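The chain below stands alone and is given as structure tokens, in the form predicted alone.
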């Protein structure tokens, strides 16, 4: 019990460290928030121009909840890049801290940061589109799917974090390739049915596909979670598989990086 308590305290230390990093670079965080809000508004205005409230809400849901999932993914995937920027990568990886402890702290902060970031976006969108009525939506369904999807994206983010660890010069850019591919096949701004057949097959491998389908069913049609088991079960299965797989893969990559001296490289 004492060991678990000690590890949880260590995880909180990484949460606190990431918070202080966000506060230090508040100008960048503000610029990123403005960029995200402007992008969401640009996409949502397509629905407003069409005069179709359902299309408007569909696009807003895609923009807002993809923002949350991408923020969670990016924070975890950029864990190594941040350590390199700060010059602390070698010290952190040589410290007597279990790797799952560090990753747990980074994941918890990523989820909290993503919620705050997304809530700010949603408030701005509600000001621009007052016809949206949250009281007529099943918010419990939306929250449940976002929570389930977060765990799946945590596992993918851990695997993506391997790239900056192994490929110093271009690893961070490679994580954007993964994110853009998920965006393409997950039906963020359009139904998956418009994709070519082989891409529809790939869409079933993306947790974002199920998250967005569930969130839209809850917010557009008021469907409860119990009526969406076809989307819930794949997300649960992905979370169970992807998180241990991410920890295992990251551990293997860490041992390789230490053996080949990649931790010390900064560029």
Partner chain sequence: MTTTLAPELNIARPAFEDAAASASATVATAPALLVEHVTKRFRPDRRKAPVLAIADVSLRLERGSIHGVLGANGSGKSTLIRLVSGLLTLDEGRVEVFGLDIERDELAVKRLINRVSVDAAFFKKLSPMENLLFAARLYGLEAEASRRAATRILGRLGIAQSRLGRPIEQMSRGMQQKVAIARALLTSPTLLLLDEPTTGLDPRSKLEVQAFIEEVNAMHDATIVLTTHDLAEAERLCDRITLLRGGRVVAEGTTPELKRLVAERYGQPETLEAVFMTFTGRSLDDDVEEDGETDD
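Please read all numbers here as calculations on a predicted model, not as lab measurements. By rigid core we mean the largest C-alpha set that fits within 1.5 Å across both forms. Positions refer to the first chain, counted from 1.
What follows is about the form predicted in complex with its partner chain, which we do not show.
- Within this chain, residue 82 lines the site of its partner chain in the predicted bound form, having a heavy atom no more than 4.5 Å away.
- When contacts are judged by a 4.5 Å heavy atom cut-off, residue 88 counts as touching its partner chain in the predicted bound form.
- Contact annotation: residue 252 falls outside 4.5 Å of its partner chain in the predicted bound form, judged by heavy atom distances.
- In the predicted bound form, its partner chain lies farther than 4.5 Å from every heavy atom of residue 181.
- None of 69 to 77, 110 to 118, 88 to 96, 187 to 195 except one has non-hydrogen atoms within 4.5 angstroms of its partner chain in the predicted bound form; the exception is 88 to 96.
- For the partner-free chain shown, 255, 258, 259, 260, 261 of 231 to 261 come within 4.5 angstroms of its partner chain in the predicted bound form, judged by any non-hydrogen atom.
- With the core superposed, residue 85 shows a C-alpha displacement of at least 2 Å between the shown form and the other one.
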